[in-house]
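The chain below stands alone and is given as structure tokens, in the form predicted alone.
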């Protein structure tokens, strides 16, 4: 069963891991990852969503944070801080190796998608992981304090400024990474992971050709909002600040016209009829992925449901 997962952030990485483990052949999975949160720091190319997905699929992620490497140390950052340098974005010593080698290869003219494939091979990841584009398409957050680069808003400011909207710089002229559109066209189903709809999934969907390649096939979105709260991150706060109560139904409305199937947590079963009124088939189940086994259980339920309801 050929599956594509659109993902970003910790929730997206956990769900992609579950799908990879649920499939009989991990090579049947392609994960297309947001690059809108990529930026340069200390002259290095940092790809937080891409690295979180890759580390998680490789079982190298920090289980306490969901991002970064397990067994990490912080001696470089501690030395930077002692020198008065910018230590607001923490880069662990093991994580730095990824950014150093990625930056070296990018400067040598190699595309991000090829570098990512080589890294995944080195880490033993059998699923295919693709950045949605090899070109930078940085997310800018429009706030009540002006326009902020995503990491300035998300990490440095702790997502405190009020959100007014988002802009993906240069996305109109961005080309999908090699193989991304073919994977979408050939997939038996596309799964939108329980990632932030605004800053993890929308930057993927904004790349020319991505939405079109998804037409005519089952597209199942898993809600990142449970009981009116985001499992992790600012998604619920963003919905409120953009004038919409944060609910699973609000997420379904966000994906209306694209998603054919929608997965709600059991806590939100009361919204099932409203989601179905949008023209989507629904699955109500436990979507909290608090353990690796629960990631696999959720993925199995979604895949089995799609097999009989597509």
Ligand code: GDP
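Residue numbers count along the first chain shown, from 1. Keep in mind that this is a model prediction, so the values were computed, not measured.
What follows is about the form predicted in complex with guanosine-5'-diphosphate (GDP), which we do not show.
A.B. asks: To test your reading of this chain, name the stretch in 92-100, 70-78, 227-235, 211-219 whose heavy atoms come within 4.5 Å of guanosine-5'-diphosphate (GDP) in the predicted bound form.
C.D. replies: This holds for exactly one stretch, 227-235.
A.B. asks: With the partner left out here, if you bring back guanosine-5'-diphosphate (GDP) in the predicted bound form, are 36, 45 and 139 all within 4.5 Å of it by some heavy atom?
C.D. replies: No, the whole trio is out of contact, none within 4.5 Å by any heavy atom.
A.B. asks: Give a yes or no for residue 18: in the predicted bound form, does one of its heavy atoms lie within 4.5 Å of a heavy atom belonging to guanosine-5'-diphosphate (GDP)?
C.D. replies: Heavy-atom contact with guanosine-5'-diphosphate (GDP) at 4.5 Å: absent for residue 18.
A.B. asks: So, in the predicted bound form, is residue 10 in contact with guanosine-5'-diphosphate (GDP) at a 4.5 angstroms heavy atom limit?
C.D. replies: Answer yes; at least one heavy atom of residue 10 falls within 4.5 Å of guanosine-5'-diphosphate (GDP) in the predicted bound form.
A.B. asks: Just checking whether residue 116 would be counted as a contact of guanosine-5'-diphosphate (GDP) in the predicted bound form - the rule being heavy atoms within 4.5 angstroms.
C.D. replies: Because no heavy atom of residue 116 falls inside 4.5 Å of guanosine-5'-diphosphate (GDP) in the predicted bound form, the answer is no.
A.B. asks: Within a 4.5 Å heavy atom cut-off, is residue 288 in contact with guanosine-5'-diphosphate (GDP) in the predicted bound form?
C.D. replies: Looking in the predicted bound form, residue contacts with guanosine-5'-diphosphate (GDP) include residue 288, since a heavy atom lies within 4.5 Å.
A.B. asks: Going through 187-203 from first to last, which residues have a non-hydrogen atom within 4.5 Å of guanosine-5'-diphosphate (GDP) in the predicted bound form?
C.D. replies: In sequence order, 194, 195, 196, 200 come within 4.5 Å of the partner.
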